[in-house]
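The chain that follows stands alone, in the form predicted on its own, written as structure tokens.
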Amino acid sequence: MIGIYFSGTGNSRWALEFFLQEYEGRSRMYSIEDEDALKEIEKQKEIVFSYPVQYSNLPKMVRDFIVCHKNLWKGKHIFIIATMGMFSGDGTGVMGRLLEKYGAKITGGLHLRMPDSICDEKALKKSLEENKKLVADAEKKIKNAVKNVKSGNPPKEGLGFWSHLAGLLGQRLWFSRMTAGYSDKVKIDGQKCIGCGKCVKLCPMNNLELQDGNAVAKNQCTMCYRCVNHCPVQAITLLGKNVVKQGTIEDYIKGDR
């Protein structure tokens, strides 16, 4: 078994690593950005795929990865982990249906509430203690899921008809345009930017570059929020106008284990 993931601020990466450690005592896992990911998927039959839900949908980069490599999925047995800031309905189902289209068998699904990565929207922010509790609750849920997988009764969260309907009516019908294509909404405050290049190195889409000592954005953003959460001077925004509070998974697990 191997893990495949896409992660913005680390939630989906952490969830996958914790799941694999509980299941096998080790974590053989690869980001979809990793050059070795494709050959490892080709070799393995059992896969755990972890990703963050966006508006009850797949991030554009994740969808493209699956579609562009559609011949890889036939005959694979895939357990899906979907991380989310709020209720998504069918976070695992939206990926599962796409993978099934290309011949995969979906063995189960797990939904995990995690700290929200959208750091430029005040309404979505939680306190440090609330976020730590979300992560602690996710640990318990993962442990229980692993126990059920080992006993032959894996969770099926997000995979049924009613979950599909909930995801469709909850967000996807109203916000499908947000994930239909890549975004051109990244904004960089040139007065704040110090030209450190950190965002350029972190961007999974090569959407950012330095020009005349300042970062500039193109139109290929997959809304992972890495750049917004890691900018040392809070010069980058995406959905909101100002950075409220930056955060990554490391902020909520330090000293916990």
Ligand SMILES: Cc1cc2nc3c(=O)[nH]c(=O)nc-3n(C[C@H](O)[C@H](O)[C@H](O)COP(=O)(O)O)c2cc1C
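Position 1 is the first residue in the sequence shown; the rest follow in order. Bear in mind that the values here come from a model prediction, so they are computed numbers and not experimental data.
There is another form of this protein, the form predicted together with the ligand, and it is not shown here; the text below is about that form.
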| property | result |
| --- | --- |
| Stretch from 23-31, 40-48, 64-72, 217-225 whose residues place a heavy atom within 4.5 Å of the ligand in the model of the complex | 217-225 |
| Site check I4, G91 and G108: each within 4.5 Å of the ligand in the model of the complex by heavy atom | no |
| Exercise: Q171 in contact with the ligand in the model of the complex, heavy atom 4.5 Å | yes |
| V244: touches the ligand in the model of the complex, heavy atom cutoff 4.5 angstroms | no |
| Proximity of F87 to the ligand in the model of the complex, heavy atoms at 4.5 Å | yes |
| Touches the ligand in the model of the complex: E157 (any heavy atom, 4.5 Å) | no |
| Partner-contacting position among V135, A104, I118, I142 - heavy atom within 4.5 Å of the ligand in the model of the complex | I118 |
| Partner contacts for 37-54, taking the ligand in the model of the complex and a 4.5 Å heavy atom cut-off | P52, V53, Q54 |
